[in-house]
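Shown here is one chain on its own, the form predicted on its own, set out as structure tokens.
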């Protein structure tokens, strides 16, 4: 029997001092293993800035652990002996340190959990996989909540999370007498609306080294590093949160769905990458937002909208991911098969809304939730793009994208590929929604007021084409009763005109 230390692998999205695998460990009897492995940088071709963010955050976290007295074995990406995989590096570390066992916090992604489950058979030492306690809702609790329910709607789950945390509660009742203020948070942009500039963190020496490495090794990946300014430490992530609360939170709720071409981030917090890396804790983030509301520094609708996204939607999405995997990865309930158009990578399209979103994604590794859902996701849905290709794109291009959060949002929420298990209706919309919620239609080469023809906004005809080709699957959905009634009232000639216009545009994608 081996008598060496316990090996604790810490993954790139587990950068939390309170990580469960470290919580009960003695510094004198533990080796923390951190690994930069090629498999994780290339299983999809991640945005250059996303790779730089994760690697820099890992290196800074390793420094913090060493300062706290932990022994850290850090394997850099360009280490000549690096095997390029988690399993290979854990095997090498077990041998290198004579480790008597491995303790690790459960991963966020299904494919990595399959690796973990195979370790006991290849490492020759006991392997203990511990729950990830950084979420409000433990996975067994979510499975118990979902058991036997006919509808797994986020709203009911969210209310349980509010009760469990006490956030924005007065006793057992919601603050303000309502659980949800979403109806107050849907304003389109007003003339002259000018959001504050986002906080930018100048790369330090560690980050500059990582950026040079990424440019050298992944320079042919999508994305730019020129504007890299994400926080890569917990201290800077807290500064970003405080900056949001001081300068953006008050207006976040009202305009969280709005889009402006010259303001990529609007009033959003930009803390999702730090949350998903583990640099911030979801409850602490929400408590700071709640405190701002109670001080009178932000309206209730803004605070509730933020809290709902973090302890409601984020927790719910994680639970739904594990509930529906592995089938979710190949789900395609609407039989969508069209290949991803090149302009999803190049941004070279006459559709200004997509061109602007792709440009912002390339520059920042970021787009906010409405740009993702109602521009890119909406187009993918109504154009019938292949769900696996769309999911791979979303996973690759956004700094906060990990499969557990990306896949259910894309396959379930945006594409209805799960057959409606997650969302009660497909989030399909015509150009009128984009015009109402953005300034993208101004200056666009297409005319959003035209319904059909070569100069009409493609979203208009595609919307009706989507409903028409999915009549058998969707017409009985009560939330689509009105649009289907409208479609049936149209003349045969009008319906044919929409279908012909949509198919002419779709032919340009092929």
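Everything numeric in this text was worked out from a predicted model, so none of it was measured. Positions refer to the first chain, counted from 1.
Same protein, other form: the form predicted together with a small molecule, not shown, and the subject of what follows.
In the predicted bound form, the small molecule lies farther than 4.5 Å from every heavy atom of residue 418. Within 4.5 Å of some heavy atom of the small molecule in the predicted bound form lies at least one heavy atom of residue 252. Residue contact with the small molecule in the predicted bound form: residue 218 places no heavy atom within 4.5 Å of it. Among heavy atoms of residue 276, some come within 4.5 Å of the small molecule in the predicted bound form. With the partner omitted here, the stretch from 187 to 195, 405 to 413, 143 to 151, 113 to 121 that lies within 4.5 Å of the small molecule by heavy atoms in the predicted bound form is 405 to 413. Shown without its partner, this chain lists 90, 270, 324, 167 as candidates; in the predicted bound form, only 270 has a non-hydrogen atom within 4.5 angstroms of the small molecule. A single residue from the set 310, 385, 298, 99 has any heavy atom within 4.5 angstroms of the small molecule in the predicted bound form; that residue is 310.
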